[in-house]
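Only one chain is shown below, in structure tokens, and it's the form predicted alone.
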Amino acid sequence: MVETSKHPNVQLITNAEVKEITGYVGNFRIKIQKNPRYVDEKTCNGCGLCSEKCPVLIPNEFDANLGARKVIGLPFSQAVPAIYAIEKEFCTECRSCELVCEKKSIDFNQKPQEIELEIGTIIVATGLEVYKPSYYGYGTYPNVITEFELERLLSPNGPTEGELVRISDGKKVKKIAFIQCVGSRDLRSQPYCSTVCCMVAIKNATLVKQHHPEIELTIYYIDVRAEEKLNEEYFMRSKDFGIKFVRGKIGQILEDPETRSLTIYAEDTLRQTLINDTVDLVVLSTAMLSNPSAREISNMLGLEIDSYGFFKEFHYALAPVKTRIDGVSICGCAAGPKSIANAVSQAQAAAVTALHPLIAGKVEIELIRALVDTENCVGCGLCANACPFNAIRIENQKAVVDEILCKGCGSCAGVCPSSSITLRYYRDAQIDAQIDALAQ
């Protein structure tokens, strides 16, 4: 990120959100709202005096809300750019930060700024959200956490500085249970496999064992999916650390209100036995979900969204980073759950795909396009609603086709009640003539 921010050809706009996207390949226009930091980006040197003096603590999102941070500061220690920001909704405006700032960078009067850009191609990389279950005691029992929350506990810069302790009372952990496929492969939530959960759980369990070999670890799984290269070997090696694997789903988890220990009720489907086990910590491997902003971005660009909320590829196997809109590529978890290796590969492919029309300087389009008979068109708008490429608009009660966005699919011609739209080189009269010729 630091290298990217310093690149002469990269303009990094942070603390911002896309509000509008119009145009087509080679001529996209984007409106961005840059939200105020209430800190002058040109003068702030990130000294940290303001954060030290701030009296207000808020939950730290970077630490999965397991720790706290000041209202003014960096979102995390290695954030780029290293410019402080104020969470205005939690700020009491005591002005302590303003009094100690030597650069006079604090500005409570900052307003949102609108930025307009003209660009040639777009790469959509909206990332993902983590599933938050409403069962297994998550959100109710403090010692039931997710894999991401465990990783923050194990991190040296996390809320416990790498010390693995129970959330409820800070006591050392002696026994942990990992539960796989929470929210994944479940017809009641997400029927798809999130692909990385098995290896993430094995990796975290191995890390715990390496630092604390005395801790007992059990992973409850449906089946272990170690799909990529070397993952199967890693899975087999993890057993050498004494990690126990149990095939079976958890039926229920109950908490002892006095000790805060958790009792797991499960079935071992291999040995066909019932399990009743008490542990200190339960770690849930939760599903990977699409980013909530995906729907909004898809409406701006005219991209398709699948039934799970992810962006649709032009072709899953042959064109996994292309979309049906020329000049718009997708990568990473914008299209579905991905491992780090697959996300990096897709990012590189998307970059090459985005560069191609920019280097060529031109884009070739098919000649088959929708044509509007303006004399018969009544401007009903049915064609505009049916167009999957947002290529039709109504002007002066007449349909107008953008020939660059149009792909000649014929959806508009099929719904037009007055037969005012036809396809160039695929007109009804031509097709009728071919049918007559074949019938002779």
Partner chain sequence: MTIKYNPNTCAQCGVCSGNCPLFTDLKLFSPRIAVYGTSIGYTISKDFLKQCLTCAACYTNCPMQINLPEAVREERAGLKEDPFCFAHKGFFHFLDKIMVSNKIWPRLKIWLPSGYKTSENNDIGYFIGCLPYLDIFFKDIGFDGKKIVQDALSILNKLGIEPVLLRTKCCGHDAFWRGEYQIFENLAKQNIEMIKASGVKKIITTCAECYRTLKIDYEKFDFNIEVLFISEFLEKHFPNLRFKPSEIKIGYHDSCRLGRHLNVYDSPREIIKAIAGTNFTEIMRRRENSLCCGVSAWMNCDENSKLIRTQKINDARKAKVESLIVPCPKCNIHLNCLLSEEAMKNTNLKVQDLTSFISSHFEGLR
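Numbering follows the first chain given and starts at 1. All figures in this text were calculated on a predicted structure; none of them were measured in a lab.
Keep in mind the form predicted in complex with the partner chain is missing from the figure; the text below concerns it.
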Discussion item. Can you pick out, from I250, I202, V208, L262, the residue that has a heavy atom within 4.5 Å of the partner chain in the predicted bound form?
Written reply: I250
Discussion item. Can you pick out, from S307, N299, N157, Q272, the residue that has a heavy atom within 4.5 Å of the partner chain in the predicted bound form?
Written reply: Q272
Worksheet item: Taking heavy atoms only, is Y136 within 4.5 angstroms of the partner chain in the predicted bound form?
Response: yes
Discussion item. Test of understanding: in the predicted bound form, would V363 fall inside 4.5 Å of the partner chain by heavy atoms?
Written reply: no
Item to complete: May I ask you to state whether D107 is within 4.5 Å of the partner chain in the predicted bound form, using heavy atom distances?
Response: no
Item to complete: Answer with yes or no whether E151 is in contact with the partner chain in the predicted bound form, where contact means some heavy atom within 4.5 Å.
Response: no
Worksheet entry | Per-stretch contact check against the partner chain in the predicted bound form, the hit in 254 to 262, 344 to 352, 164 to 172, 73 to 81 (non-hydrogen atom, 4.5 angstroms) | 254 to 262
Discussion item. Just to make sure I understand: among 174 to 205, which residues lie within 4.5 Å of the partner chain in the predicted bound form, judging by heavy atoms?
Written reply: R185, D186, L187, R188
